[in-house]
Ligand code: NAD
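Only one chain is shown below, in C-alpha cells, and it's the form predicted on its own.
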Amino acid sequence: MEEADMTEFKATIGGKPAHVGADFAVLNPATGKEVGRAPNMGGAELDAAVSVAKAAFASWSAQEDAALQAACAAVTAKIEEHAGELAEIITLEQGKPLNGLGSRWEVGGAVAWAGYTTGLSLPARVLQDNEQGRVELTRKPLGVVGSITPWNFPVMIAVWHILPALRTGNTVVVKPSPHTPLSTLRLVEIMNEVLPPGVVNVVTGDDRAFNLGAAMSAHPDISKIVFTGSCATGQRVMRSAADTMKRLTLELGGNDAGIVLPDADPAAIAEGLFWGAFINNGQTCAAMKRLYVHDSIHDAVCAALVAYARGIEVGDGMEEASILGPIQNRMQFDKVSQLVTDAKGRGKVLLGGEPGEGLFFPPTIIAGLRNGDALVDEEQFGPALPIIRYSDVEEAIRLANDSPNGLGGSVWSSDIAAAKAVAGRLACGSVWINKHGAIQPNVPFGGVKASGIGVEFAEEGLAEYTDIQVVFA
C-alpha cells in the first residue's frame, strides 16, 4: 500500500459507514506527510454508536457459548486474512517498521491473541451440591464495553480489548488514539464483515473540540471501560466512571526496572537487555525503563549493550532494512528530548543523545545516573535508557521499588534460584528472568500501585468482562 492510496477512512456504526461532515488528518511520523483522514466525531456519533451497541447486546448476549466462540474464530480468520494490509497501515500512521518487532509482528500477535482468546471459556462452577442444596456460580456479560486504545500498538491492543468482550457476550464501542485511528477503523470494518450489525462499533476524533474518551467514561449506557494508556489519563477515566459505577480495567504506565546481578554474563544478556528496553522504540508500557547494574560488571554490561545497539538500523518503517522507526508524535518526542537533555548534564552518554531529523531519535544509553534524576524517575516512553550502578543487591531492590508504578520488572543472572529470590521482592505485577516484557495470551497481565487496576489475558482477564451471578437451588 502506497501513501497515495491512503485517503478517507470510514467509521463503522451499526454495521454501516457513518457519515460525518468533518474529518482530520493523520500524519506519517517518518515523513510528516498526510497518510489518511479519519472522521472527527462528537457526542451525537458516540450516542449513536452506544445506542446500536446496546440494542445489539440483547441478541448477542443470548447466543450460545459455541456460537460466540465460532464468531470470534471468524473474526480471527478475517484479521489474519488482512494481516498485510493492516501492517502497512500501522507502519504508515504509527511509524514502526514492517520488519522485526514491528507492524507485521504486531498483527501476528493480534491474530495469536485473538485465536487464544477464542478458545477460552468460563463454564459454570458448582460451589455446593449436597443435601442442603446446589449452588452454582455463573458469569454474565456486562453490556456495552467502551475500549480506549493508545497509539503504540493500535491493532494489537484493540484486539486485547475487543475479543474478550465478544467472547463473553458483550458489545463494543472502541475509540482509538487520534494519532493512530486508521488501522482501527479498518480493523473494525473487517470485523463487521462477519459480525452482526452493532456488535463492534468505532468512533474517532481529534479530541480538540470534543473529548470522546471522557464522554465514554461518563456515558450512562456503557457498562465497562477498558483503557490502556498513561497513569494521569487513567486516573481521569476512573474519576469520571465513578458516578455510573462502571467496571474498569486500566493498564497504565510503567517505569519498569531491570536488575543485573553480579554473576550475569554481559555478552549473553546484551541482546535481551536491548530489546527489553527498546522494543517499539521504547514506546511500550512494559518496556524496561531503567537498568540497575552491579558495580563489578557495570562497565562490561554497558560495553556489550552499546556494541549491540550500534548495529540497529533506524529509518522509515516502510524501508525493509529499518529495525526501529521514529518516535510517534511531537509531544512524545519533545518529552524524550527534554529528559535526555537533562540526563546528559548528570551522567555520561554512552550512545546517541542527539535528536535526528524530524521525529527520529537514535537509541540512547546514559550511565552514571541515579534515582532522583528525571530520566530515572519518569516514564520516558521512548528510546532512552538510564543505567544506574549499584554495589549491594538490597540497595538495588530498594531503588527498583522506589517508584509509584509497578507494571513489570526483570532480574538478569546466571543463577535462576538467586534471580527468583530477587524477583519475589519486586513490587510489580510481572517479573521476568533474563528477559523483559515477554507477555503471553495464556498468562494474566496487569500492574500494581499506580500502574493499573485489574488484569488482561487468560481466564482471569476474560472474567473481567463479566459479572458473577450465584444461583441457589
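Residue numbers run from 1 along the displayed sequence. In this text the structure is predicted, and so the values were computed from the model without any measurement.
Keep in mind the form predicted in complex with this ligand is missing from the figure; the text below concerns it.
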Response to the item:
As a check of understanding, the residue in G258, P386, P164, G254 with any heavy atom within 4.5 Å of this ligand in the predicted complex should be identified as G254
Worksheet item: Here the chain is shown alone; which of I148, V301, L375, A241 has a heavy atom within 4.5 Å of this ligand in the predicted complex?
Response: I148
Worksheet entry | Complete contact of G213, F227 and C285 with this ligand in the predicted complex (any heavy atom, 4.5 Å) | yes
Worksheet item: Just one of 318-326, 227-235, 109-117, 71-79 has heavy atoms within 4.5 Å of this ligand in the predicted complex; which?
Response: 227-235
Worksheet item: Do V173 and this ligand come within 4.5 Å of each other in the predicted complex, heavy atoms counted?
Response: no
Practice prompt. May I ask you to check whether V411 falls inside a 4.5 Å heavy atom distance of this ligand in the predicted complex?
Written response: no
Worksheet item: So in the predicted complex, does any heavy atom of D207 sit within 4.5 Å of this ligand?
Response: yes
Worksheet item: At the 4.5 Å heavy atom threshold, is L187 in contact with this ligand in the predicted complex?
Response: no
Worksheet entry | this ligand in the predicted complex - contacting residues of 339-357, heavy atom within 4.5 Å | none
